[in-house]
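Single chain ahead, by itself, as C-alpha cells, in the form predicted on its own.
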C-alpha cells in the first residue's frame, strides 16, 4: 500500500514539475502567430538609419529576397518618392535584407510569409502578401483610412513596438 501511495505522489509531482516548466520557459510560439520579435538579432545600421528616416524599417522577414531586390533596385521611384542612396549604402542594405529575407530560412516569420506566397511571387508591398491580408482581415478598410493611421503600411500606428520588431497581437492599439 505504501509503494502505491509513494508512486502516486511521484507521478503527481513529475506531472506538476513538467507543467510548471512548460508554462514558465520562454517560447516564441507563446507570443502568437505574427507576434514576438521579427527582427534579426543583428541589424544593419544603414538599414535602420535610411529606411526608418521615412517609415518603420520593415523587418526583412516580411518579404522574400526577390521582393527586396526589386524594391532596392527601384529606389528612385520608391512608392512615389525618390529614395536613392549611394551605391555602397544601397548594396549594404540589400545584403542585410537578403540575408534576413523571408526565404533565407532563418526565421519563423519568414517561413509563415513564404507559405503564403507562390514560388515566383515577389510582391513589393508587405500588405500584398496573403499572410498580411489574413492577419489583418478583421480590420475594416475604414480603419486603414483614418487620419491617425493613413494606410495599412503604417505598422507603428497600431503596433506601438513595431520599431523594435515586436508585433504581439495583445499589444495592438488601434487609434481613433
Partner chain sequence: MTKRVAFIGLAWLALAAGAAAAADSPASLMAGYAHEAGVPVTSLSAQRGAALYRTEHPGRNGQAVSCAGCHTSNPAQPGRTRVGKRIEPLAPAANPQRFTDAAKVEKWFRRNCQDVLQRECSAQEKGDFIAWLSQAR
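Numbering follows the first chain given and starts at 1. Everything quoted here is computed from the prediction, not taken from an experiment.
One more form of this protein exists, namely the form predicted in complex with the partner chain; it is left out here, but the text below deals with it.
Residues within 4.5 angstroms of the partner chain in the model of the complex, judged by any non-hydrogen atom, belong to 51-59 and to none of the other stretches in 64-72, 106-114, 132-140, 51-59. Within 4.5 Å of any heavy atom of the partner chain in the model of the complex lies no heavy atom of residue 145. With a 4.5 Å cutoff on heavy atoms, residue 126 does not count as touching the partner chain in the model of the complex; it lies far away. Although the partner is absent from this view, residue 166 stays clear of the partner chain in the model of the complex, with no non-hydrogen atom inside 4.5 angstroms. Interface membership of residue 94, defined by any non-hydrogen atom within 4.5 Å of the partner chain in the model of the complex, is ruled out. Shown without its partner, the chain has 149, 151, 153, 154 in segment 123-156 as residues with a non-hydrogen atom within 4.5 angstroms of the partner chain in the model of the complex.
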